[in-house]
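The chain below stands alone, shown as structure tokens; this is the form predicted on its own.
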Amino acid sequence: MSTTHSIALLPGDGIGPELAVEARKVLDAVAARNSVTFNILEADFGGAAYFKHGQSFPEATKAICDRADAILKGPIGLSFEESKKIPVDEQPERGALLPLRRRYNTFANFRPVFLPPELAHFSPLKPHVVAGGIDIMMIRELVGGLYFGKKEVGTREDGTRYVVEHLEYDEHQISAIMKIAFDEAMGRKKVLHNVHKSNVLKSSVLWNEILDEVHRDYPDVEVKHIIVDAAATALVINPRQFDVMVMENMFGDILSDLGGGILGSLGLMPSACVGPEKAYYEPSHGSAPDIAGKGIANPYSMIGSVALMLDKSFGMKEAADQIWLAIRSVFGAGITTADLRDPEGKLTILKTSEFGDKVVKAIQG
């Protein structure tokens, strides 16, 4: 008996539509190998949506996302000059991405920093540092903190311009992300690194208090505390010491991009943004408008986001593993895209669609 899953596909801006094509190809290959049907509903989102509909997150797109079982989103964002053509509050990040997170309360962000041996040569770190590969799961709280707090901009009586932005968390938000992190740690090595700044920020003091309370329900998990700036240093010097890391919103934004630097490219970082009822999946990188339409974008993060969606939203871990193994086999054969070109010229450089075809062929066996 075949199962049907409904997916809202939001191609986004820049290279997003090109990556969406490769995601469709992979989903078709997975469907052919498994008793499953994917009902894909495509909708406009981001800067392209604004120029077409006057809104970055149009009502029609909201309706499609509401009906879908999961959302697969391409990167969004425009060049500096194009962004100036859109009102500030409708620019893609403010007008589309943050409202998407709020609408579905996607409070838990999963960002795998995964560097198997086949990809180790892409890392800018010394070979002995990444020997054997890296496998970290960064878990970031995504709908609280400084990004979502109250904001005030004004001018004082003496003419001095000022801005105030509030960092807000409550115990329920912290407890929710901690349970996600502890559950993830239980399924892996039972070690959780807690990233904080409690020596300065009172928000981190509360963060750590709630962690201790949740930890009582997970006695088998070892918790290791680390200050955020020390974590940044440690990720470069010895990334293999980490397995699961949990952190608040802004810390996660910064450290997950550092994770991309460790791998050699944000193009190697898919992500999952999970809420209580629905999740969306997306590449961690931007829309790269400078290379849009050239067919040279790396589809790894979009294809990896498909794998995360199959695993976390549809319970199809075996199919997700098929995708990861397929991608590894392509890289292992010395094949890549232009962004990961090796200085020695030993790798075979393929176009976006050609790389996707290789992944599909590997899935098909």
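Only a predicted model underlies this, so the values are computations on that prediction, with no experimental measurement involved. From 1 onward, residues are counted along the sequence shown.
Same protein, other form: the form predicted in complex with a small molecule, not shown, and the subject of what follows.
Annotated contacts: D170, H196 and M247 are all free of the small molecule in the predicted bound form [non-hydrogen atom within 4.5 angstroms]. Checked against the small molecule in the predicted bound form, the candidates I174, L263, V274, L97 yield a single residue with a heavy atom inside 4.5 Å, and that residue is L97. D253 is the sole member of D243, D253, D183, E90 with a non-hydrogen atom lying within 4.5 angstroms of the small molecule in the predicted bound form.
Shown alone, this chain has one stretch from 223-231, 184-192, 208-216, 140-148 that lies within 4.5 Å of the small molecule in the predicted bound form by heavy atoms: 140-148. Although the partner is absent here, H121 sits far enough away that none of its heavy atoms falls within 4.5 Å of the small molecule in the predicted bound form. In the predicted bound form, no heavy atom of S204 sits within 4.5 Å of the small molecule. At least one heavy atom of S284 is located within 4.5 Å of the small molecule in the predicted bound form.
Though the partner is left out of this view, R101 does reach within 4.5 Å of the small molecule in the predicted bound form, counting heavy atoms only.
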